[in-house]
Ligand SMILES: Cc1ncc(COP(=O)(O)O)c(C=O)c1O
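Next comes just one chain, in structure tokens: the form predicted alone.
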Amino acid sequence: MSPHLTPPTTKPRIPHFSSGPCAKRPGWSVSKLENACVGRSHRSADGKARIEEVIERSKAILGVPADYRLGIVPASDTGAVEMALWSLLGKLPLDILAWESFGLEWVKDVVDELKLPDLNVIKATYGSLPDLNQVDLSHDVVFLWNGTTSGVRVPNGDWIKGDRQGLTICDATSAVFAMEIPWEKLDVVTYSWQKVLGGEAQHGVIVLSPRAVERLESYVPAWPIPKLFRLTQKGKLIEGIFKGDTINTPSMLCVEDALDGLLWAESIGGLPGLIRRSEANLATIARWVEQSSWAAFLAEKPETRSCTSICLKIVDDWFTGLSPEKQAESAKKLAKLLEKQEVAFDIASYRAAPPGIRIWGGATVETADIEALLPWLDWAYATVKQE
């Protein structure tokens, strides 16, 4: 019998490798929420103090410049991105980059909903990054820092000029707290708590540069803006959003959970510690991929490989010889087999991505659990192939 057909003996201690909501931080339990300000108004002194603490600790850990504003907004990262698109676009031509499903969703919004006339869509296929040299920085630019469904990230911000005319609007939800973000190159950054810090869903975060604030206070879009997206009132920024006065009622349980994640991040060395943990997970998988006869990174270039949403494709001749339908079926079988063994939950590729597996490698995932998972991947693939 092939050694790959013999199940490994060691399982990951925590088999949570979902790309969102992601694994809770090591040592987390629901008891960590016992001091949550529940049953109280979020506008009470205690409730607002909790929200303000999340804002201030987030800015400190991420190194957000003092003159940038960070606020908690509704509807997760999606709500934060939509808020930026609806509130800021339309003044200048737009370049929008897309190389995976969420980037394509933002393209759909600006084409079908906002109907922007002066638009340049710069696309790439799964595994690749668009040609950044095509971006015209006299235009507004919308892009992702890390493609959550493709495992392809922007390697750096060198392509963004400091004297740009347009705004740079970046969906960084699976990048912040795990990758260096060049804040001075970005005018709007959005994310949610449910990714690298393993927080609960439904709340988004938007970060605005002074240039973004100036746009908001000097430009009114041609379309109506729903209340949930409004960042200005009577031509001025609603400063309260960035001081704990949220647009709508937040979950104080989620706020407490976000605070717990931030305190944990501080305890392991802040942003450098978070990045080290995530990069160690990527390095562990990279060493395994180098020896693998059947798996490879979906990201074509090493410098664009994500250290959070680590996407793998199957390159074995048996698999590539299957029809697209059979490939998708086999990849799903592999993921279900691992779930049945309680070895790995939720690691199937995103439904619109090429068939394969996606392993979350963010900072809340222990490298020891990644190491324990890898032999199981070989076992599951060999088992599916034999069927």
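Quick note: we count residues from 1 along the sequence shown, nothing fancier. Since we're looking at a predicted model, the values are computed, not measured.
Although not depicted, the form predicted together with the named molecule is the subject of the following passage.
Visitor: Which listed residue (Phe102, Phe297, Trp86, Tyr126) meets the criterion of a heavy atom within 4.5 Å of the named molecule in the predicted bound form?
Guide: The residue from Phe102, Phe297, Trp86, Tyr126 that makes the contact is Phe102.
Visitor: Within 4.5 Å of the named molecule in the predicted bound form, heavy atoms considered, which of Thr78, Ser251, Thr246, Ser292?
Guide: Result of the distance check: Thr78.
Visitor: What stretch, of 228-236, 275-283, 177-185, 194-202, brings heavy atoms to within 4.5 Å of the named molecule in the predicted bound form?
Guide: Result of the contact check: 194-202.
Visitor: Is Thr173 close to the named molecule in the predicted bound form, meaning a heavy atom pair under 4.5 Å apart or at it?
Guide: Heavy-atom contact with the named molecule at 4.5 Å: present for Thr173.
Visitor: With the partner left out here, check for me: in the predicted bound form, does some heavy atom of Ile72 sit within 4.5 Å of the named molecule?
Guide: Result no; Ile72 lies far from the named molecule in the predicted bound form.
Visitor: Going by a heavy atom distance of 4.5 Å, is Ser306 a contact of the named molecule in the predicted bound form?
Guide: Taking the distances in the predicted bound form, the answer for Ser306 is no, it never comes within 4.5 Å of the named molecule.
Visitor: Residue-level question: is Cys311 within 4.5 Å of the named molecule in the predicted bound form, judged on heavy atoms?
Guide: The answer is no: Cys311 has no heavy atom within 4.5 Å of the named molecule.
Visitor: Note that the named molecule is not shown here; using its position in the predicted bound form, name the residues of 133-148 with a heavy atom within 4.5 Å of it, in sequence order.
Guide: Leu144, Asn146, Thr148, in sequence order.
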